[in-house]
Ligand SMILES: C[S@@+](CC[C@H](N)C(=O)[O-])C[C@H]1O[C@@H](n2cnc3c(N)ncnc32)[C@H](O)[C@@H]1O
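The chain below stands alone and is given as structure tokens, in the form predicted on its own.
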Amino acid sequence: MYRIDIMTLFDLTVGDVLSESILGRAQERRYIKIETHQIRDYTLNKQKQVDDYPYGGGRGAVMQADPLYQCWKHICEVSGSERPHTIYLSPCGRTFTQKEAVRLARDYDHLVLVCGHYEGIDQRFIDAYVDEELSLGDFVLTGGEIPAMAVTDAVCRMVPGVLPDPECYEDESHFNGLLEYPQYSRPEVWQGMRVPEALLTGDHKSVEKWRRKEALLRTKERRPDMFAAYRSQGKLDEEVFAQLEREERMAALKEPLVCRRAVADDLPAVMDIIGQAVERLGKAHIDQWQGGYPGEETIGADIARGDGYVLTYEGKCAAFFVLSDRPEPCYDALTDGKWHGVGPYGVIHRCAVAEAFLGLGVSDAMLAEGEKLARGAGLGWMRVDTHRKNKAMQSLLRRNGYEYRGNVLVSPPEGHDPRRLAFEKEIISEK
């Protein structure tokens, strides 16, 4: 059982506050024990005096060492602790943070908190019996009771059993170096404001990613010092950092991207974009689009069928992709896995981004626009295949929620690798 003793001149008030709600229930269940001690009860003075004028003169009074010592000694005797970890709540102390709370909860099972008053306490008691001094921040209060209650609450809530699960505090502000993400409850719409869509999907991975992103954004905006000191804590952080970086680059575009069906007049600009992509793939030693495919005849047919789309920026073609709702024959021969989707699906083919628009989030916008068009056509799933060495495309698909389903064989020019990785994403849930 974790124990905290508080030495104070206002024992009843402090004790009442700490006996309510979560901490009160935790004491009843014997996970923690919080005792308050009236310092005046330990003075030998008939008037219960615990303070006197400071040596050297000056205004105010100083709490005397002996009543403090007698109270501290009594705590040691009744608790059976020879030397409990003793903390003086003082504006001169080290700033109390969540990290300090974690340390105290982890490293000790008994704390004594000393609440000063007036001009402070006799330094001799501090030198002899206080192990450390803590402050709530760069301000001064009339006494140590409020800091003592804050420290007690922050430490005790991390004692096993006080809260239902460690997750209750591990996701909160400051625990992991970030401010906490925004919280929402019912109803779904209140005064015209909706709960973010990511929280309504039931997809735990999407919820976790949204929360981490919002925590990072909030920390960056409100506590740039914390954000600058924060370091990635795993794959999720790396994904979110990359997403934030893409969105920042995207914000550099002064006007929104426009998605529209490609027309015949777009063909020269589209072929220029395709040519740039072919060159990039070749430099990366990726055996894709390296045998004259896709040529002008193929792209022209895409546009003539109405399957070709362009993303434009200030009238210039920034990207091209093909969206088809026709079943892809080679997808029926999927190996090493299986498709999850049932019914009509959309396929994205021949997508490429202009060199001048790389690194601005255009690829992500292209997928999003394709999904929007497919969703509008009533298609429930998207399917895409890519070369096994095209790591950039695979990364793009995964970060946009596409899942690897297996392998397919395409029909490239003779002498080129026909193997492709197949991905799928649900875009309309039947639930």
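Quantities reported herein were computed from a predicted structural model and do not represent experimental measurements. Note that residue numbering begins at 1 and tracks the sequence as displayed.
One more form of this protein, predicted in complex with the ligand, exists but is not displayed; see below.
None of 240 to 248, 261 to 269, 88 to 96, 302 to 310 except one has non-hydrogen atoms within 4.5 angstroms of the ligand in the model of the complex; the exception is 88 to 96. Taking a 4.5 Å heavy atom cutoff to the ligand in the model of the complex, the contact residue among 273, 351, 115, 323 is 115. Residue-level contacts in the model of the complex: of 137, 161, 182, 282, one residue has a heavy atom within 4.5 Å of the ligand, and it is 137. Taking the partner from elsewhere, residue 335 is found to have every heavy atom lying beyond 4.5 Å of the ligand in the model of the complex. Within this chain, residue 84 is remote from the site of the ligand in the model of the complex, having no heavy atom within 4.5 Å. Interface membership of residue 203, defined by any non-hydrogen atom within 4.5 Å of the ligand in the model of the complex, is ruled out. In the model of the complex, the ligand sits within 4.5 Å of a heavy atom belonging to residue 143.
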